[in-house]
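Next up: a single chain in structure tokens, the form predicted alone.
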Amino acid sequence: MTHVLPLFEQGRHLLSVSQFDRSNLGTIFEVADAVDLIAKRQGVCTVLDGAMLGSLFFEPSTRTRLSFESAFLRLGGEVTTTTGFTFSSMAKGESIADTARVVSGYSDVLVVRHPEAGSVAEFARHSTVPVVNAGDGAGEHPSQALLDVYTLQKELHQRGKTVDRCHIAILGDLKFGRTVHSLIKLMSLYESITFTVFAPTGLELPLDVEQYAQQRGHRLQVAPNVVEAVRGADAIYATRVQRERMTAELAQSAARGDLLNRAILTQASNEDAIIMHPLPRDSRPDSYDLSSDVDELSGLAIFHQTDNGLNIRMAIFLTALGVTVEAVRLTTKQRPWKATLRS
């Protein structure tokens, strides 16, 4: 994506984290805070009554798809959905351009995931309504980066720290992991970040992402091993090996064992670090991912991320459709059945 995209606001597509500056990033987070009770199902909101979301996932997804669809439903909207190429007209040879033009005629906003980098931008070029990028191959995943930084901000705040001047270790598949690319770029809006990265051979961070952070005044250092990567870090962001994006030969030779476990954190004297992961976590033996033996540690934040994803995705829809927080407040009431259960 070589051209400059406009800042994300009413009526705009959300295709890249490059559409944020500190100001509109802060605004998104304020809206996410404002819808917290609705996200937690402590209120019923009808602000998007009559609005339709077109949910188009041409690549497998559980959390992202359900999170976007749940967010829209909790704001009172309706959802139409399709998953996979098999169940779409693309299986018959229909182009992205034709699909986008047709489906946008049925919807007020589209959320699209596609296995090819740049494909969601192609959807946006032919859509008559705002398009939200839910992941395009090894390209970007902007809503994940937003919820990651939103979560990191909250976790650091509880420790009396800020995202500015924090130290984050990023581990795992840094080549194909689109969440990492978007996270580093979005965090580069802050001040004096230290990024320490570690990846197995062949899965190193792309040079353009490394340079993006460095050119904005941040320190990015490559660690020789996982222990040194996580030593002294405020937060650790682990990612699974994206074997589905690799050649069969590379997938077969990719690292095995645990990427990060409790023993490694103990060796690094950093068992209290904030631990993050975009999920899904590969829990199969030797998958080279985040071990479940860290799940009882106080810094585990992976499920805080998934919870916060609802807030962020609600904020994305409200922003794209030009709905104010005041309108949300005026159309929200207590859940009657929940009040009955409490009594």
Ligand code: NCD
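Sequential numbering from 1, following the sequence displayed. Computed from a prediction, not measured in an experiment: that's the story for all the values here.
The discussion below concerns the form predicted in complex with N-carbamoyl-L-aspartate, not included here.
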{"item": "Non-hydrogen atom contact Thr179 with N-carbamoyl-L-aspartate in the predicted complex at 4.5 angstroms", "value": "yes"}
{"item": "Close approach of Gln242 to N-carbamoyl-L-aspartate in the predicted complex, 4.5 Å, heavy atom", "value": "yes"}
{"item": "Heavy atom of Pro278 within 4.5 Å of N-carbamoyl-L-aspartate in the predicted complex", "value": "yes"}
{"item": "Contact flag, Lys185 vs N-carbamoyl-L-aspartate in the predicted complex, heavy atom cut 4.5 Å", "value": "no"}
{"item": "Stretch in contact, per heavy atom within 4.5 angstroms of N-carbamoyl-L-aspartate in the predicted complex, of 207-215, 191-199, 234-242, 268-276", "value": "234-242"}
{"item": "Heavy atom within 4.5 Å of N-carbamoyl-L-aspartate in the predicted complex - residue from Thr64, Ser291, Ser287, Ser55", "value": "Thr64"}
{"item": "Residues within 4.5 Å of N-carbamoyl-L-aspartate in the predicted complex, restricted to 99-126 and counted by heavy atom", "value": "Arg113"}
